[in-house]
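Presented below, as structure tokens, is a lone chain in the form predicted on its own.
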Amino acid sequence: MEDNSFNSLIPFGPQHPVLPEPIQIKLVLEDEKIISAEPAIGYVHRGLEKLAEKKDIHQSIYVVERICGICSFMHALCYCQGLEELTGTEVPPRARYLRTIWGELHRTHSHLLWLGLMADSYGFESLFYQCWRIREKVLDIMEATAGSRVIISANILGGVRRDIGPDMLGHIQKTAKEIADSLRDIEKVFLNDYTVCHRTQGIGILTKEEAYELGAVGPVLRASGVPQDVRSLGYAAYGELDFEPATETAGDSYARTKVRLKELRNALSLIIQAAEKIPEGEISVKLARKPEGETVSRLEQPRGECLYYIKANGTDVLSRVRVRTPTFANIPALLKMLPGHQLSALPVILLSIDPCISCTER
């Protein structure tokens, strides 16, 4: 940080009305202008990686789901995919499609939650409620198909715990189309409203080169023009569905909003495709053998690429579980965006990366 006696050093957070989870950013200000920023994390550390080394491989599914409630299904999926690779277990095709449907439902509700929080950050309360009203339909589907609204615990090693019948698959397709229609109203506001555009356009710019060099992931990376999305690798059933990463080039808070609105459309399309193409068959198999060796499992969470490093020793208790979450990867990009802006722009820039501090600290 700069050492200047005429500058002010102030903390932003860990408690602040705009913060969904506790993080502190230490700011150096010149009047109201941000000169530099430094993060302070560690407010919600729970030792979940260590706990996953104490429980057996089946119990640890529930541990990793608690890393983050909003993307809990994807944490469990990334963990399960890693162990299935280590044990040479082939997941049934129907289970792969069910994982895709639930995964994209989580992406949909996560992005709608974020849009509501983003609207709240610039004082647009009616837009906040509209986004969360639409999100309720997604949570209702998850409750109907898995018995819970957020942490659904549908993944097991070798497949999924529950099946979805044809009537419910039809209902899911119908609801996905209804949500797509409902998005038109909020898209008009997020993309065209004068106040929203004034608070987001040209704010928090991250160039393509900066995004790549700083290791940004997810919508933060794609809004700067890098079309990188782990779903393109074809895990679960993505290799059998039509999919194109959503990108923008401006790299500002407005572009990150547009990317997430596009991803909502993509997620709903993937849900409909998967529900139409899902094959018949079993939904789970037993592990082929005890896990042994080490692997890195990857997938695309709503906030970006998530990595699980898993080391197994041939028993039911793992030697090591290490998680690299997308928010952790995006914090360097956030610190690059802030300098040069007024303090009043900080809440919008901070929320534009969709920070999940529970994921980051575990």
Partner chain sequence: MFEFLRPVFRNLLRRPSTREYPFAVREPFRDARGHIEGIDREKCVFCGICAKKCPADAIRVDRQERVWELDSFKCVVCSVCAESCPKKCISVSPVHRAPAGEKSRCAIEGAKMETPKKPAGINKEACVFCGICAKACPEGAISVDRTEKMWSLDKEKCAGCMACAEKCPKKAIIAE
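Because the structure is a prediction, the values reported are computed rather than measured. Positions refer to the first chain, counted from 1.
Quick note: we don't show the form predicted in complex with the partner chain, though the next part is all about it.
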* Position in contact with the partner chain when the complex is considered in the predicted bound form, options 320, 324, 55, 46, heavy atoms within 4.5 Å -> 55
* To do: Answer with one of 59, 295, 36, 313: the residue that has a non-hydrogen atom within 4.5 Å of the partner chain in the predicted bound form.
  => 59
* Out of the stretches listed (72 to 80, 277 to 285, 220 to 228, 125 to 133), which one is close to the partner chain in the predicted bound form, meaning heavy atoms within 4.5 Å? -> 125 to 133
* Contact between residue 148 and the partner chain in the predicted bound form at 4.5 Å, heavy atoms? -> yes
* Looking in the predicted bound form, any heavy atom of residue 189 within 4.5 Å of the partner chain? -> yes
* Asked: How about residue 50: is it within 4.5 Å of the partner chain in the predicted bound form, going by heavy atoms?
  -> no
* Interface membership of residue 249, the partner chain in the predicted bound form, 4.5 Å heavy atom rule -> no
* Mind listing which residues of 210 to 244 have a heavy atom within 4.5 Å of the partner chain in the predicted bound form? -> none
